[in-house]
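Taken one at a time, structure 1 and structure 2 that follow are two forms of one protein chain, written as structure tokens.
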Structure 1
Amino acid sequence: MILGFVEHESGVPEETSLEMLTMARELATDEEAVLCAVVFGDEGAALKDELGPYGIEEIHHVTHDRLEGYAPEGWGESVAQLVSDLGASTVAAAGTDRGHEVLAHAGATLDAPMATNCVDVTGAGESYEVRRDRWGGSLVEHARLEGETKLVTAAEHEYPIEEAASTTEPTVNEFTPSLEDAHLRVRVERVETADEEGIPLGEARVVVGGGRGVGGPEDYDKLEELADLLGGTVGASRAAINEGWRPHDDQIGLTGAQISPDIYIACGISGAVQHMVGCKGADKILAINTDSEAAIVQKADYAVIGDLHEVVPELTDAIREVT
């Protein structure tokens, strides 16, 4: 059995979890194993219709009167107990903060090996060959993962979201773990919504990013205008954040948001490795920069070599003319 930890928001699976299911389904096919899901939260059972198109045979819904919110150790212990009960050979999760944290706790309990941020996993039985991102994507590691139970996370935005060849009708089984106070010493008690308006960076289909080349906080108005016109949102490089021009929530990069828009318009950004890690999920990158040798220009799908203070307003005007 391949068991996928599916994150969701009010019964709607996260895109990163659907990406993970593409990887997990490939493993299940190679091993001729069933693909199942483990979910938490009151709305977990509602995922039945959502996960059927992705080949899930069974949904194991973890319920416990002390798991009202996220509790990393409690969730990890729950997954470990479920794995022991089911005899799952592999547990997969998305390469998110929560996916890594839950599987790490489960792995500690199970004494099982774990490989994170995988971009390719092949093999069957007790041995996998894995290829995974390390050091923020600056290098790729090839390794072998061996164990009776193996834990893997799928690197974000590396796997396409693909439905199975045929839709299943998964059964929903409730699972109540045996938890102690120690498993609940850390947990989320409340969630506070940020005051920021607009589309979150991680969900935007168009992102307009600005770096040190923007020149100052007042010049982001040009980027905001372009982003609004395209139905997108504005992000920034770490350099701009460090200057205090934008709030940290706008940062794109290794220590900021990981984005996956249809197009990322990078204005006045050099393209440091840490920044490129954050925008590597973009389908297309358009770089606007005065330096034709800038790293981001070399990696972009399209580039305009020029002053962003001239190019961005002209681009905005041109789009208005055709919309």
Structure 2
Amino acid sequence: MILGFVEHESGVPEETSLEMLTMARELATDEEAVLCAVVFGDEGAALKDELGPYGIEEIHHVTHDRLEGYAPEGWGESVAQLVSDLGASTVAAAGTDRGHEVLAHAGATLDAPMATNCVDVTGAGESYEVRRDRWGGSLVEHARLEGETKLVTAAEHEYPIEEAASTTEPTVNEFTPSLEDAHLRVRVERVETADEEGIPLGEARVVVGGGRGVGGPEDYDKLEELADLLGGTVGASRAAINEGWRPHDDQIGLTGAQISPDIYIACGISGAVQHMVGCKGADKILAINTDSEAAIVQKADYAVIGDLHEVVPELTDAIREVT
């Protein structure tokens, strides 16, 4: 049996979880195994109608009077107990914060091997061949994953969301794990909402990025002006953040934000691997750089060879004229 950990918001499955089900269903088909889902939360049972199109045959709804909110260890322990109960051969989750955390706990409890951020998983029984992302996808690892129980997470946005050939009528089984105090040591006490200002980097249609070439905190004003005019937002490289020119929230890349704008205008950024994995989602990249040999010039779609301090203000003026 293949068990997918499905994250949901009030009974509506997350897209990343549906992507993961594409991976899990391929495995279930190859192994002729039953595809099941494990869900948490009050509205878990509401997923019955939502998950039928994806070929889920059984939904295991974890309920426990001490599992009100999210509790990483409690959830991981519940998944581990369910795996033992059902004799599941594989547990899959989306490669999200929660997916990784819950599966890591389950894997630690079961002492089972776990492969994260997979982009391809094939095989049957106790042995899988996996391909997984490293360095944000700039490197792919081929690996063997073997064991009675195997844990896999699907890299985000690598698998398409696909419905199954035929819709199922999942049964909903309530599962009550036996939990001890120790499993509930860590849980969400409360959620604090942030007051959003401006457009979040991840959602902006236009991103103007500034790197070490900007030269200091003041000159980001020029980038801000341009971004404002284009209805976009400003991002930065890690070098600029380390200099203290911008807050960390602005960082694009491996250890920062992933962006997916229509256009990313990268100013004074050299194009390091760790920066570029953050802008894989950009439709087009325009680089403004003094160095025609900079790596970003190869990686961008368009380039202007020149000093950003001259080009950006001129560009801003020119746009003002046409709009």
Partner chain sequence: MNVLACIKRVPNTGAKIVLTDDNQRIDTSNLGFTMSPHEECAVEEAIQQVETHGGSTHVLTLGPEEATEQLRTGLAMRADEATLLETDGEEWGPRETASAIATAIRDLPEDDAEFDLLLFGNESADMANYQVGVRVATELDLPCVTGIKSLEVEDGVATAKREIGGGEEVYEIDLPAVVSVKEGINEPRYASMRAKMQARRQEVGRLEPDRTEAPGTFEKTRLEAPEADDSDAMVLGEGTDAVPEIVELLESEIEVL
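In this text, rigid core is short for the largest set of C-alphas that superpose within 1.5 Å between two forms. Here, a residue number simply tells you its place in the sequence of structure 1, counted from 1. Here the structure is a predicted model, which is why all the values come from computation and not from measurement.
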property	result
Which of the two shown structures is the form predicted in complex with its partner chain	2
Rigid-core frame, C-alpha of Ile252, shift of 2 angstroms or more between structures 1 and 2	yes
Core superposition between structures 1 and 2, C-alpha change of Glu180 at least 2 Å	no
Rigid core superposition, Thr290 Cα moves 2 angstroms or more between structures 1 and 2	yes
Core superposition result - C-alpha of Ala303, shift between structures 1 and 2, Å	8.1
Core-aligned CA shift between structures 1 and 2 for Tyr264 (Å)	7.3
Cα displacement of Gly278 between structures 1 and 2, once the rigid core is superposed (Å)	3.4
